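Presented as structure tokens, the chain that follows is alone, the form predicted alone.
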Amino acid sequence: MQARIVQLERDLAHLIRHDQLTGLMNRPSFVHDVDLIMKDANHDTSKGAMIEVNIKGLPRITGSLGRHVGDYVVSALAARLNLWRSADSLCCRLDYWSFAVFIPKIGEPLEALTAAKRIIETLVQPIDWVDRKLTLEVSAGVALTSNEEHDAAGLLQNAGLALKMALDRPGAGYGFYNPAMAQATKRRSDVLTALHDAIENQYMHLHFQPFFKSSNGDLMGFEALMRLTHPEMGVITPGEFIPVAEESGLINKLGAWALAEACHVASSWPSHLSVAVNISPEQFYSGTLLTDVHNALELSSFPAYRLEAEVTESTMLKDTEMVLQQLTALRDMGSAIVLDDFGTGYSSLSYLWKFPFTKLKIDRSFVQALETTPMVRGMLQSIIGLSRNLGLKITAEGIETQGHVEALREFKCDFLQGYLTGRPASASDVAGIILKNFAEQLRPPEKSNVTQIDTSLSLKR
């Protein structure tokens, strides 16, 4: 009887420490045992490698063949890890599609990366299931112990950050942790917190960059640009907060706010001026974009024909039909549809005739190469000619020199936008830009420079 009780206690202890499906250690026991190794006085704490492994193909297999097939694959991969590992290394199952391996006595990055590569090669081999072979994609993140890092949970977190970097790249591969990753992760977390604060406390605001008619310098409208100034973090650039907003889903709230605010501000402008608002790809997938546009127009009694919805080529890459339906609905409302940053993405010509665009914006990189790369002149002329044949208006971004202005006028580009013609301005400064342009158009033309755009005011910050 006593022996049976002892055996039951052993079995229970094993169940507590191990994953039932694979027999590998579970996360709590793995972290506990790695901690013991790292804190062992006889162990060189500057040596050791944590490798986190992700099986990217598991959701696809489970979704198409069933959970039982996924379980079979996980068990097979765990068996491979057990055969691969050395006697002093530890393996655990972190979650359904992730494993972790801790290898003591590794102190060199190349040695750790070699181990990660071997793990990937071991796990990525196809798995036989009935009459088919199941293929997988495997990625790994690697973190080394250091004299400053004595905590298993922290080491595992570092390996997870390295794994995230690897997962952002296509195919199987690995990422190696460095302290900059932790700093970048903390910064993204701080920016996310700032975005939540901005939505709750109205720290967001819009700036407006003017664009002008190329032929005579008439002001035609403004592009609305989101800005964030946090009371503690200061100015956070759109290049930093927009990706965080898209990743977190906050871009839908920010996008709806930007539409409403832009229409509200523009409703006080002269009726011939339009306002352009950038639409994130994520807003098309939210299911609320058309409602957000309708509400923005209704609340400000702003006519749809004065609103330009700017989208990038990446918007069309996912669920093309759904995006096309929404763009068509926006056009049917009366809004203009603008293809932004043309030339930087896939630049598929099919976009130009399949989607209901009314304007194309040439990316600033083309304009800025005008004076240094002769080939760009021919490319710009071709793009503008093609667009005109399709009935599209053309705006050139990134105008910074008078040479840019003269070349684009020669190519008969419709509109110009950039720091030379006008920097982004606050809503309160827009009235001054409008009045100054109106006064300039009333001034008698000078014979020596009839079409020169006056930039003296727009260059002021």
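Please read all numbers here as calculations on a predicted model, not as lab measurements. A residue's number is simply how far along the shown sequence it sits, counting from 1.
Not on display, but discussed next: the form predicted together with a small molecule.
Contact annotation: of the candidates Glu261, Glu137, Asp341, Asp292, the single residue with a non-hydrogen atom within 4.5 angstroms of the small molecule in the predicted bound form is Asp341. Residue-level contacts in the predicted bound form: of Ile399, Val34, Ala49, Val53, one residue has a heavy atom within 4.5 Å of the small molecule, and it is Ile399. In the predicted bound form, no heavy atom of Gly70 sits within 4.5 Å of the small molecule. The closest non-hydrogen atom of Ser335 lies beyond 4.5 Å of the small molecule in the predicted bound form.
Contact annotation for Glu223: at least one heavy atom lies within 4.5 Å of the small molecule in the predicted bound form.
Heavy atoms of Arg227 reach within 4.5 Å of the small molecule in the predicted bound form, making it an interface residue. Per the 4.5 Å heavy atom criterion, the small molecule in the predicted bound form is contacted by stretch 360-368, the sole one of 379-387, 103-111, 121-129, 360-368.
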